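Shown below, as structure tokens, is a lone chain in the form predicted alone; questions about how it binds or moves come after it.
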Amino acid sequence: MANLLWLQGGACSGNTMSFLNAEEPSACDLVTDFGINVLWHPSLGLELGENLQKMLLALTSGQMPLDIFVFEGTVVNAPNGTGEWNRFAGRPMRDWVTDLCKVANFVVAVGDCATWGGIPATAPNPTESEGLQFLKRDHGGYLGKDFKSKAGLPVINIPGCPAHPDWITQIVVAVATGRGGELSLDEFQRPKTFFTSFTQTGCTRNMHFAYKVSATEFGQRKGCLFYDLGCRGPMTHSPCNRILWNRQSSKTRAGMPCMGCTEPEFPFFDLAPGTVFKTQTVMGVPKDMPTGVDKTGYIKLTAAAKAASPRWAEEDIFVV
């Protein structure tokens, strides 16, 4: 039986809410089918006060084994590198993170805040927040770029705002059942099984993207969200249109642009006014191009696509 501990730093609890809605497998399945012993979780744990503190000390001292340490939220270093703005069980949370990461077989960062700082780390970053092993795109974060867990792996990053529940539970199961060493991670330490393809993969608006037919407002069933509404689906690594949310939809399928929340730069442009839900362009050409496309190729491609666009591409062809 694998012992799992889940703690929260500077977080909104969004990834906890996502996790508790997991279906394949569910949070209950982790315990009943895969033998995971959830030692403590902010929404599930029974221990409080001194009892919780005793458990944490037993883990950090090695008296109790810690197989999987899951961390949600940023590591808060304010004020002045002390971490005193985020205290937990009698000491700064960052100090617990340091000690628990030293004894854990595997360390899993869940959500953007834990992976690379997320919204709290947006300039001017008053909480001095950072992710476990990244601060935005910079490798290092709180633990440093050379950190390895006892199993020999770096922090396993499961980004998202929030992360999809099944990404979380499937990775936890892989680790708990002895397959953690088989995980292949990308340059940002995301499991490649989920983060190799793009959000655009499987998007129902790909035909509109191909013919440069743009949506002009939220919720429209026709038109691509990339050209005007700031959708980052062609540049964002995630399976959101392959592993659907609630088993039935995704942001783009519902007519809302992807905000790129699985990428280190999220939120993009530091949320400057006029940058959210609006494609940033220079003379009509997007500043951020779909991955693998250069500006010259983009201009040629979109000109040809617009000219070849069939009449039905401008129509609402969905009847349900």
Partner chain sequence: MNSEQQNATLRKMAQLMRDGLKTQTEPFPETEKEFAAILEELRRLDPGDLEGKMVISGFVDHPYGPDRQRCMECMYYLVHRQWCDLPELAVPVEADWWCRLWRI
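The structure displayed is predicted, hence computed values, not measured ones. Residue numbers count along the first chain shown, from 1.
Just so it is clear, the following notes concern the form predicted in complex with the partner chain, a form of the same protein that is not shown.
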- Note on the structure: Checking 46, 254, 285, 28 against the partner chain in the predicted bound form, the residue with a non-hydrogen atom inside 4.5 angstroms turns out to be 285
- Message: Can you pick out, from 53, 37, 60, 280, the residue that has a heavy atom within 4.5 Å of the partner chain in the predicted bound form?
- Response: 280
- Query: Looking at 183-191, 210-218, 170-178, 119-127, which lies within 4.5 angstroms of the partner chain in the predicted bound form, counting heavy atoms?
  - Reply: 210-218
- Message: So in the predicted bound form, is the partner chain close enough to residue 84 to count as touching (4.5 Å, heavy atoms)?
- Response: no
- Heavy atom to heavy atom, is residue 17 within 4.5 Å of the partner chain in the predicted bound form? no
- Heavy atom of residue 227 within 4.5 Å of the partner chain in the predicted bound form: yes
- Are any of the heavy atoms in residue 222 no more than 4.5 Å from a heavy atom of the partner chain in the predicted bound form? yes
- In sequence order, the residues of 287-303 that place a heavy atom within 4.5 Å of the partner chain in the predicted bound form are 298, 299, 302, 303
